Structures are given as C-alpha cells and as structure tokens.
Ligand SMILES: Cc1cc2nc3c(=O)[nH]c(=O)nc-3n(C[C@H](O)[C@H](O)[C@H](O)COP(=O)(O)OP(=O)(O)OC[C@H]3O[C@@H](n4cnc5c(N)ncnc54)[C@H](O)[C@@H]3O)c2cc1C
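A lone chain, given as structure tokens: the form predicted alone.
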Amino acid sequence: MLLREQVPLAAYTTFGIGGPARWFVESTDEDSIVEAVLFARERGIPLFVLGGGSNLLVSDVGFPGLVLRVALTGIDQQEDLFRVAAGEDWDRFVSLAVDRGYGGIECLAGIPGTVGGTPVQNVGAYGQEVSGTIVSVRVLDLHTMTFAELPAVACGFAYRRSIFNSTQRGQFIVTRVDYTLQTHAFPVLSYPDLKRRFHGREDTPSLAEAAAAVREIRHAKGMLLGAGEPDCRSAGSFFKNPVVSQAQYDDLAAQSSSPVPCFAATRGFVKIPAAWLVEHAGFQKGFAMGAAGISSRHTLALINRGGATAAEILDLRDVIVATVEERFGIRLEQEPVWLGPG
C-alpha cells in the first residue's frame, strides 16, 4: 500500500475543485483496500472512498482523513453476465457491451465516473437505470471486515438511491458489480430526446446508434466530458428531479401559466424535471455568480467557470434552492456528494 500525504483532490474530480487529502491511497486490489481501512481505523481518522470523482464536490479546505481511491480493473464476461471491477471506467464498459451486441445500458452511455459508483446512486438517464441490470454487488462490509456479495434485492434501489447512499451509508465499499445484459436486444427509446432523434425512421436503430445518439445529446447539453469543454467542469446534474405527490403536482400545474412537465414515479407520485423548476424560477443557461455558474447548455449543471471555489458553488446552489422553494414550494436536493466539513 502506497500512502501519499497532502494530495490535492481537485484533479480527481470533474468539477476541478477541492483542497488536499491528508492521506491518499490508490488501491488496485482488495487486499490493499483492507489495509487502507485498517490504517484509518488505527489512527482514528475519517475515511472517504473515491471513484471517478464525477459526482463529488470537495471542500476548499480539503479532507482531514484518508481518501481511498478504488482503482480495481477487469471485465469478465460469462455469456450474458458481466462481472466488472469497481474501478473500471463506466463509459468504457458501456461501449464494450454495446459493441458485443448486449443491451440494457445503452442509454447510460457518456456518463462519467467508474463502475463502482453506479449502484450507489442507482445511476440512470434517458429511460434506463442500472438497477434494471444489476444482479449483485461485491462489497467489503466495514462492520465485519469481510467481503460479501449482495443480491440486487438487498441493495434497496430507488430513484437515485440505494442502501449505499442512504440507510447503510458508509458501511460498504464496492469492489465489483455484476450485470446481466440482453443479447440481440432492441434499444430503449422511451425518453423524449431519443424519440425526437429517431422520429420518422422506419427501421429500429441499433444499440450502437442509440448509444451514439445519447452521447451526442449529452454533448449538446454540456454533459459529456472532453478537453476544451468549459461547460463540462461540473458534476453533471447538480439537483435531483424532485418526486412529489400527484395532489401537489396538480396544485402546481393549476397555478402555473405554462404546462408543467412530469414523469411517472411510484404510485400516487410524479417526478418533475428540476431543470424546468430552475429555469422557471428565473435562472437561465449561462447565469453566473463570480466564477460559479450555470452551464450555457443545460440549466441543471452548475459549473466551475475557471478558478471557482467550493464556497462559490455552494453560494450559487443556495440561491437557486431558496428561489425555487419560494416560487414553487419545492425544495431541490443536491445530487453530488459533499466532502468536507459541514
């Protein structure tokens, strides 16, 4: 186990923001993950598990404990079962699966981050969620210090939620995720953006065409990472789409001067696009507060315009949240994980 000290974390996040970690370890095998956990416990310091840094906002003062970057790699296919190490790049895995003709995650193309983060927040986009394909998740249980394989039913998957970021947050470190994908599958084209992209086409698009379309849509919205893309210095969607009761939605729709979009959620509830709420609260694409701003391509992405601090991002967040709540009576919930005090 190679320990490093005072490692700046900004370079390990897509936001490009954050102070140093007091201690930093990059683990490429399960044994070194155990070593890192024991190191933190012996010294009584906090531990944070880092993946791709694509859903993370780090405090300007950094982190006073040990940051453990999970860098396990490897993809093992057994017919329609894919066993994927937690440190694998997610989009690379999507491309591999699609190239081999396996469907189920084609609409999740272009999402930054690593495989280990996908079950944590039940990653989803454009009509698909990883919970629809996950069979089991291999974890290190920090309570027992043993490795276990949790079946999907034990993971408590819901919209952007799982036991890993809610009821049992901090108990597990994900080391591998097993997915069952479908061969000879047709792409899922239920999302409006994708429907429009292929409208009028007589034949069914291939999985590869659907994945490419998703990446193009994400790029147009500034949600696809790439060099020279200032709008991509973000953590993607900063706010979750709020889920409200049907009655609350009906009240909002009755009071609104324009149609309020929604999507079905659990029975008796609907999901309202957070981007619509932000825009109709008066925040337009390109809005800026100092070095923090809203993407010029997508209202839901808060961006580092260059040299932004975490404090500036939080100030912008607070203004948006307060204004949306005052205007619509709905309190937006932050999606990126916060690493730091407070």
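The first residue of the shown sequence is 1; numbering continues from there. All of these numbers come straight from a predicted model, not from anything done at the bench.
A second form of this protein, the form predicted together with the named molecule, is not displayed here; the remarks below concern that form.
- This chain is drawn without the named molecule; in the predicted bound form, the residue among 157, 179, 102, 172 with a heavy atom within 4.5 Å of it is 172.
- The single contact residue among 27, 59, 55, 295, judged by any heavy atom lying within 4.5 Å of the named molecule in the predicted bound form, is 55.
- Taking the partner from elsewhere, residue 205 is found to have every heavy atom lying beyond 4.5 Å of the named molecule in the predicted bound form.
- Taking non-hydrogen atoms only, residue 124 approaches the named molecule to within 4.5 angstroms in the predicted bound form.
- The named molecule in the predicted bound form comes within 4.5 Å of a heavy atom belonging to residue 111.
- Remark: residue 97 does not count among the residues lining the named molecule in the predicted bound form, judged by a heavy atom distance of 4.5 Å or less.
- Note on the interface: of 241-249, 180-188, 261-269, 124-132, the segment with non-hydrogen atoms within 4.5 angstroms of the named molecule in the predicted bound form is 124-132.
- For the partner-free chain shown, 48, 49, 50, 51, 52, 53, 54 of 38-54 come within 4.5 angstroms of the named molecule in the predicted bound form, judged by any non-hydrogen atom.
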